[in-house]
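One chain is shown next in structure tokens, namely the form predicted on its own.
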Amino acid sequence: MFFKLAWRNIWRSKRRSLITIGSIFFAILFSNLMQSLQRGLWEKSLGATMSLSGYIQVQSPAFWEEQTLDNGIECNAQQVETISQIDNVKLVSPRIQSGALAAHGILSKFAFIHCINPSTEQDLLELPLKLDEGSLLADDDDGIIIGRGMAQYFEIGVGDTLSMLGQGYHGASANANFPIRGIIKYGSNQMSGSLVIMPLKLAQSHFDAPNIATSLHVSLDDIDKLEKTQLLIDKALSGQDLTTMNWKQMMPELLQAYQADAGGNVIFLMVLYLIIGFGIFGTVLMMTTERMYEFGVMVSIGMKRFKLSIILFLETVFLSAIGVAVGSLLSFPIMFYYHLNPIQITGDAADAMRDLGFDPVIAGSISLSILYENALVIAVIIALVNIYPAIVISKLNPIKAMRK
């Protein structure tokens, strides 16, 4: 009965109801799209950064303070399998990240070496898309891929040889010449000026470190479950001399940049929701004021006040539910379109993003959390707004109400 009365009441004034539904619809539409683009930009940027560093790293407790190969871990198939079976884990990759002096001719410079399993990680690093010259690596390859910036510095290309002079595991000599199989564009020339990608099998032989990795890199399906997944990994590896670090702990500067950008959006959303809150409150105020005579009559003939408050609450819920449902249903296809067809950034902004190693695009996020988070905000607004009619009805004097 309550639902039937509430549904009939909201259509007694169709114009007022449609205005309220429209305000909620546009607020949901704009907030969903804005959050989708903002979150999509960071998901794309973090994806590019985390492809090298990993969302979560499993490492020796001593590694983070002194990032040397001597503080690496002896990885085995059982560890990888244990972590891979955890919910939300997409890929577990043993990696060696080390440094060496790269030399060619009379030139030399520092090189940051990323050692990967090409068969499983080339797509994760988007190497097929970033390949500028040459070919990709195989797991048993004896060559390397270098960044475009390094190739320009040494004035070398595919087929040339790059000398790597460094130190291996427990002081072993790690000096060798490597043929260049390919050249990739990764960020700016300055960023790719020290980039070397080497097959993990070759690196373990070169550094005299069989079965050793500096860390296990964990890629995730849903980055919103980062901390939860890290706790599950910690639990699965309990009792072993290993520790985990997520990207927020490893790169606090990047986290601060993300929080600053998200904070600006929060201010805009607060203004947007303030407007919609007053819009809903205006509707509730009119619904209450215009129907004082009706309320007086209903209370006089025995209608319980709390039941009357419930009917008014349900009216507001119906109006909001329609606005949220329509707004969400229409915004998700647009979010999905921009997820498949990212907005291309040009000019100085694009150059700045490339300098940071990010692709100059804004892709829409299709995370469903965007939809239900905004719906939750509307629910909170409804709960706050309905305090007013509940107070009015609780203090209602039927005689005075009917005289009005």
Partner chain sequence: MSVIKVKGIQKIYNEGSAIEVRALNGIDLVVEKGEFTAVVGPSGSGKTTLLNIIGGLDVATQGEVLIDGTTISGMSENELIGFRLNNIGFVFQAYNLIPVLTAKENVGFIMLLQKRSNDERENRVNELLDEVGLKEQKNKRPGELSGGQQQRVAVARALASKPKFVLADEPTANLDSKSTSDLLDIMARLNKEEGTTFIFSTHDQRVIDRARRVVTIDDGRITSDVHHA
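Residue numbers count along the first chain shown, from 1. A quick note: this is a predicted structure, and the numbers were derived from the prediction, not measured.
Omitted here: the form predicted in complex with its partner chain. The next part is about that form.
Visitor: State yes or no: in the model of the complex, is some non-hydrogen atom of residue 294 no more than 4.5 angstroms from a non-hydrogen atom of its partner chain?
Guide: Within the cut-off, so yes.
Visitor: Give a yes/no on whether residue 16 approaches its partner chain to within 4.5 Å in the model of the complex, heavy atoms considered.
Guide: Outside the cut-off, so no.
Visitor: Is residue 300 part of the interface with its partner chain in the model of the complex - any heavy atom within 4.5 Å?
Guide: Contact check for residue 300: yes, within 4.5 Å of its partner chain in the model of the complex.
Visitor: Please determine whether residue 386 contacts its partner chain in the model of the complex, using a 4.5 Å cut-off between heavy atoms.
Guide: Output for residue 386 is no: heavy atoms all beyond 4.5 Å of its partner chain.
Visitor: Of 248, 185, 305, 170, which one comes within 4.5 Å of its partner chain in the model of the complex, counting heavy atoms only?
Guide: After the contact test, the surviving option is 305.
Visitor: Considering its partner chain in the model of the complex, find the one stretch among 198 to 206, 101 to 109, 305 to 313, 139 to 147 with heavy atoms no farther than 4.5 Å from it.
Guide: Residues of 305 to 313 come within 4.5 Å of the partner.
Visitor: Going through 5 to 40, which residues have a heavy atom within 4.5 Å of its partner chain in the model of the complex? Please give them in sequence order.
Guide: Contacting residues: 5, 8, 9, 12.
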